[in-house]
Ligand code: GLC
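Take a look at this single chain in structure tokens; it is the form predicted alone.
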Amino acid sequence: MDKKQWYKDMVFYQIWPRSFKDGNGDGMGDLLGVYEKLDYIKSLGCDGIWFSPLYPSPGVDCGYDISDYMDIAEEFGGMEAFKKVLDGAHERNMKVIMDLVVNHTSTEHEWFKKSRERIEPYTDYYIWRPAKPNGKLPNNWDSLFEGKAWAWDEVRQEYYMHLFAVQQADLNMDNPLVREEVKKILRYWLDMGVDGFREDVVTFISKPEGLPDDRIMPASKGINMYNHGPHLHEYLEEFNNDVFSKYDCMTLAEAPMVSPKVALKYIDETNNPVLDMMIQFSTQEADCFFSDFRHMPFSLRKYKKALSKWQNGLEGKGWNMLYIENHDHPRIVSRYGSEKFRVESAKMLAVAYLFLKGTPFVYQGQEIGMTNWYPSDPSLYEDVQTRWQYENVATNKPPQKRLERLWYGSRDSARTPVQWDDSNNAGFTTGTPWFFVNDNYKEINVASQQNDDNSVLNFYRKAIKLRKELSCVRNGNYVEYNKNSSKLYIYSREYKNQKVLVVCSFSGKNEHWKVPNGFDLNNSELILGNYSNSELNVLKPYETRVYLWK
């Protein structure tokens, strides 16, 4: 069938189910809570939902360790609740995409249990290797979460690969039976009415033959070997030809360490694309080195360079996925903005990405300017990666410094419950929440912003409405100005007779700026801004403006 590109006109809202809204009072976010908030999501201007995993799972990696791909976890309400939400979303003309996690499964999955027992046909569903004669591991690859990438299984008496948590065993995608299982999963959900998938670390699914040692990357050994492996395009093409091409759906692939040039191998619309969009990480690395835990001062130049590289690199060929927050990174206001100027910087950060070319995603709580969580004790963290970091990295540093690494880098900062109001537990639950609520919920919550015209929440609504109304944002070219500035991000979007100039200050002080050549503000309209009174050539702390010519 001819694939439609409805996703290009949409704004998606990402739900991390555990922390969105608890509808039955047991302390865990669930689909009943989601159903209650469908109209709220729609009111933002969002017309699509991406669900992080809802499947049954032991919860070692908060749902990304899946034990059954064809069911919905009871803790979230089960299949009946999911179908109710799916129907409710579709009744509101909203699309629903799910997380597809097929690089690995939980070690509690039936496939793994049978594979460790060498029960056919599951024997080779996973990547098993014997110990080397000298007792060493099969190779020198590292896990991205917990130590080395190999764990010993007493039942099978072999090592299995786990690129993430020990309880997340990597599937052997070279086995055609495994690929057929993936296709069954895809058809199951698409036939139910799901509109597409966000594919978790899908660029990792093809490992090199022989699994050789990585002698190039001194840190995170292995990623250089298995990222964009030898059969990746072949397998993605197989999934596309056999399944996706037969449905009106969209595919979004998570792709660590990817460049626009490499991305176009998969998403080039002029050359038989096998995917629709890719989630790149480079725009999330302006205050760190590859990992959020390797914290550095925020660099606007680095951020702008990444944004422009993707805007220019995909122009006319591929489509960008736009985001500033998700479940895998700390809160953006605390990273790229300012908690001192929280409201101003939250609005500015919204503008900086919402007027770029691509499909924006808004992560739960982002729209009210939620901030990082700063626990007093490392034992309060839930995330498996965070706990391993504290126990095994930078152990020579004082405990407080090690704790601060977690403040800057932990994914748990973005996983505290959504702050709905100033009642107990921020209105997230009437029970005991599964995880800690940020202490600032009385100040930062949806209810307090709902009827405030100057709130972050209503600013998001205005910004999303504007981007949908402006054809130059959907179709226009992109030009960046003041490239060498470490304080200002200024760009234009132009299409036919319509043009916008987007001005963003990343400074906590007043900053002078000059209107770029060719722009006469006397003939423009200021259609969006986060200050009511401003001098023309002076930007206040974290000020943003959007000018329109037509």
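No experiment lies behind these values; they were computed from the predicted model shown. Residue indices: 1-based, along the sequence shown.
Only in words, not in the display: the form predicted in complex with this ligand, which the text now covers.
Although the partner is absent from this view, E511 stays clear of this ligand in the model of the complex, with no non-hydrogen atom inside 4.5 angstroms. Not displayed here, this ligand is approached by Y64 to within 4.5 Å at the level of heavy atoms in the model of the complex. Not displayed here, this ligand is approached by R411 to within 4.5 Å at the level of heavy atoms in the model of the complex. Looking at H104, you'd find a heavy atom of it within 4.5 angstroms of this ligand in the model of the complex. Heavy atoms of every residue among F145, Q168 and E254 are located within 4.5 Å of this ligand in the model of the complex. When this ligand is considered in the model of the complex, only one residue from V437, L264, V178, V201 comes within 4.5 Å through any heavy atom, namely V201. Among the residues H327, R342, K221, H231, the one placing a heavy atom within 4.5 Å of this ligand in the model of the complex is H327.
Exactly one of the stretches 343 to 351, 116 to 124, 304 to 312, 192 to 200 approaches this ligand in the model of the complex with heavy atoms within 4.5 Å, and it is 192 to 200.
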